[in-house]
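Okay, so here's just one chain, in C-alpha cells, the form predicted on its own.
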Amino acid sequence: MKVAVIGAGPAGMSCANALLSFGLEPVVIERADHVGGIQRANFHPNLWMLGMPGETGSGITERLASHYFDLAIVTHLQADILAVAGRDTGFRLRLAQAGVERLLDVAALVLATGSQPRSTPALAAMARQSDRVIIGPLSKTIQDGIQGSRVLILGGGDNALDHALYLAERGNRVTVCARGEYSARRQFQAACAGRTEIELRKGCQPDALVAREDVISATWDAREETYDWLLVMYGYQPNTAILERFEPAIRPRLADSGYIHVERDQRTSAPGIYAAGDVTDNIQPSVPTAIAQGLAAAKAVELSLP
C-alpha cells in the first residue's frame, strides 16, 4: 500500500525508511530540490546526537541522505502539493512537478514538513532588501563571513546567545537585544556575561530598524546606533501552510502553539493522517526526536492498515 510522506528532512526520511521495512510503499514529496530540510545548512555541532560528538547538523544530514538514496523509495523533489482530498480508501493528492500535474492515491499520509526561522513581515522585507540582515541561525555567512564587525542580535533564546558567543570568538562586538527576560540556558547567559565583547540588553525593543547600504541603523528613544550586521533569532515556526490545501474535514488540529498536535503514536486528529518531526508540538525539537517520531509514525501507519 502506498503511503505519502510530505517532507524529506530527518523525520520524513526516517519514516520512509521504516515504512519500507514494514513492507509498505512510501512516496516522499519534497518541495525543495534536495533532501535534509533545514538541518542541511546547520554548521553547528549537534548536541543531541549521542555517539556523534562534534558532528554538525549538515554532516549528520549527509549521512542520512546517503543511506536514504540507497533505498528503493520513490522521491519527488521540487514537487508542490496543490490539493489533498479524503477518499473512502485513504487520500488523493494533486501534485505539480516541472509544470506537470498528476494525481496520487495513498492509504495514509505523514506530515513531516518541519519548521523555519521565525520572523516578522517587516524584518523579512529587510532581509530581502539587504544581505546584512539574516533571519535564523542557519547561514553560511554567519559561519565564516562575519569578522571584526558590530553585530546586533534580536532574540533572547539559546540561538541568540550561542551565536553571540560564536561571533565574539571571531573578533566581533555583539549586542543582544531581548524583548523581555532572557530564556536561554543559564550557562549561555553566564558565558555571555563574562565576555567584554558581548552586551546583553533585556526589555529591549528597537523603535526603528533601517537597512542602509552597508549599515544597519537601530533607534532607541531617539538615540541611533549603527551596526554592520543584524541577526534575527526569534526561534522557529512550523511549516503548516500546506494544511490550507487540505479539505477542511481532514485538516489536523493545531496546538495552541501553532504546531500540529499529535498523540503518543504520532496520530493527528484526522484519521489516517500522522505527523512527525519539528512540525509537531514535541518537547525537544532535534534530529534524534525527528528520527524517532518518523519511525513511530511509520509503525502507527503499519498497525492501522489492513
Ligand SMILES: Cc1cc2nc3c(=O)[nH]c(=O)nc-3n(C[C@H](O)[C@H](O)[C@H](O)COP(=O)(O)OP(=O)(O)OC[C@H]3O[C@@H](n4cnc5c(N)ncnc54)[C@H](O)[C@@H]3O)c2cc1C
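Quick note: we count residues from 1 along the sequence shown, nothing fancier. Being a predicted model, the structure only gives us computed values, none of them experimental.
What comes next is about the form predicted together with this ligand, which is not displayed.
Interface residue among Ala255, Ala32, Met52, Ala65 relative to this ligand in the model of the complex, by the heavy atom within 4.5 Å criterion: Ala32.
Three-residue candidate spot Gly12, Gln39 and Ile242; every residue lies within 4.5 angstroms of this ligand in the model of the complex by at least one non-hydrogen atom. Taking the partner from elsewhere, Ser286 is found to have a heavy atom lying within 4.5 Å of this ligand in the model of the complex. When this ligand is considered in the model of the complex, Ala249 lies well away from it, no heavy atom lying within 4.5 Å. Heavy atoms of Thr268 never reach within 4.5 Å of this ligand in the model of the complex, leaving it off the interface. Using a 4.5 Å cutoff between non-hydrogen atoms, Leu167 does not count as a contact of this ligand in the model of the complex. The stretch that touches this ligand in the model of the complex, counting heavy atoms within 4.5 Å, is 134-142, out of 99-107, 175-183, 207-215, 134-142. Of all the residues from 248-283, those having a non-hydrogen atom no more than 4.5 Å from this ligand in the model of the complex are Ala276, Gly277, Asp278.
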